[in-house]
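Coming up is one lone chain in structure tokens, specifically the form predicted on its own.
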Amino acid sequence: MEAISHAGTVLGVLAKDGVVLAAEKKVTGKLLDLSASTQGGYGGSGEKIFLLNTNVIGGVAGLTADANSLVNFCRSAAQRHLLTYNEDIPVELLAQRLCDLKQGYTQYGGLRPFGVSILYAGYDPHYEFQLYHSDPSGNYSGWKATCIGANSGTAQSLLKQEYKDDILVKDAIGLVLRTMSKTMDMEFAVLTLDPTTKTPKAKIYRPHEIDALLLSEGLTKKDEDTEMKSS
């Protein structure tokens, strides 16, 4: 839990017609090669937000190495369910499967718990759009809007004030961007229904698409160089 409290913020908002996820991306240095985030790959640079299945996106806060292992487990569980039942795994069932694994690591000697909290943004035909949160102990809970990681308390209080039950995706995007706009860099993803096929459609935004979103909301990303020059 301590590792998660110092990790980059991950925020999720449930809307009537979709779910929005955003994560603070910690860029460790200017010499880091970020070419993979602008060309090839699926959406972002794959540091904090992952596609777990066609109907579920996950946002992770905590130890990234642990997160990679859990993301692989989630993807395998989703594919096993698809193979067995010929349908996408329900969101809560996927959260349960992962929490069973997490809880197992808290009760055996010689093993440490996974230092990761995960937000699951998903869709299934029965309960439609859902947002779940799981922590290292194996507890999970459903949310309308929530935040994990550093400064989550401040973000939670802002969400409490501005969240409405009948919020739509386009307003949820604005709410998330306003809440996260203080961060230097972020990853961003939206899960909606395709209007023609009525199947869940995940979009993980690329960096230039996030910049365009920020501009459309009248927000701009802080730049370290500009700040240093102005001071």
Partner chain sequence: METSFALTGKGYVIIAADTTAARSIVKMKVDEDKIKALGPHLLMAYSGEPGDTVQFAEYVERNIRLYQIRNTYSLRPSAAASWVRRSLAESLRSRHPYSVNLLLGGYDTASYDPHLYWIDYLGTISEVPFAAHGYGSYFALSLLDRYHNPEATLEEGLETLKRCIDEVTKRLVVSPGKYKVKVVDKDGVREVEI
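Positions refer to the first chain, counted from 1. Since the model is a prediction, treat every value here as computed from it, not as a measurement.
Although it is not shown, the form predicted in complex with its partner chain is what the next lines describe.
Although the partner is absent here, Y127 sits close enough that one of its heavy atoms falls within 4.5 Å of its partner chain in the model of the complex. H81 belongs to the set of residues with a heavy atom inside 4.5 Å of its partner chain in the model of the complex. Interface membership of P113, defined by any non-hydrogen atom within 4.5 Å of its partner chain in the model of the complex, is ruled out.
In the model of the complex, its partner chain sits beyond 4.5 Å of every heavy atom of Y108. Contact check at 4.5 Å (heavy atoms) against its partner chain in the model of the complex: none of G62, D66 and N72 pass. Proximity to its partner chain in the model of the complex, taken as a non-hydrogen atom within 4.5 angstroms, holds for one residue of S137, Q96, S141, S157, which is Q96. Comparing 157-165, 114-122, 81-89, 141-149 against its partner chain in the model of the complex, the single stretch with non-hydrogen atoms within 4.5 angstroms of it is 81-89.
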